[in-house]
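In the block that follows, a single chain appears as structure tokens, in the form predicted on its own.
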Amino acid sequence: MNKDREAEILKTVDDSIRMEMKTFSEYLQKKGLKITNQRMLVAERIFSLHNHFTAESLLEEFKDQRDKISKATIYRILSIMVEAKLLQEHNFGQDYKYYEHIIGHTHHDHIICGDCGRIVEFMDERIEQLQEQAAASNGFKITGHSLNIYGTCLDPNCPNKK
């Protein structure tokens, strides 16, 4: 894809994801990877999502374009985006990974229901402070962490209960 085509694609995307798309495009260039229509189309869809998703659910978003965007293409793009630190990959104890885009999103932790699979994001400053204290008292400086709490949601009417 040439620079003019790339600029044309970036002009058509929503303002809220233009920075993320530009960051992805610059990462591809830096790594010597091609900026393809498929990569940009998938990136645009990912950056417009505001929840956790799987490779399979992302592939479903492109069901009308399966001749252009294969499962292998989706997995390659996800891998590139994780490497570029544009996506975070989560293992919530299922047989598949979840992803979420992280540019412009604040740090948060997760509570995952083991029955229905519902994922709740939360941030509690008290937990953050306890982690800092634990790290300091053991001679560590925190550079990152992931906290996933597993449980069972208490809503008896949960539509996703197994």
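Think of the rigid core as the biggest set of C-alphas that the two forms share within 1.5 Å after superposition. The structure presented is a predicted model; accordingly, all values stated were derived computationally and were not measured. We number the residues from 1 along the sequence you see.
The discussion below concerns the form predicted in complex with a further copy of the same chain, not included here.
Proximity of R45 to a further copy of the same chain in the predicted complex falls outside the 4.5 Å heavy atom cutoff. a further copy of the same chain in the predicted complex is not approached by S79, whose heavy atoms all lie more than 4.5 angstroms from it.
Under a 4.5 angstroms non-hydrogen atom cutoff, a further copy of the same chain in the predicted complex lacks H52 among its neighbouring residues. In the predicted complex, H145 approaches a further copy of the same chain with a heavy atom inside 4.5 Å. Of the candidate stretches 131 to 139, 54 to 62, 33 to 41, 100 to 108, only 131 to 139 contains residues with a heavy atom within 4.5 Å of a further copy of the same chain in the predicted complex. Relative to the superposed core, C113 undergoes a Cα shift of 2 Å or more between the shown form and the other one.
In the core-superposed comparison between the shown form and the other one, the C-alpha atom of K22 has shifted by less than 2 angstroms.
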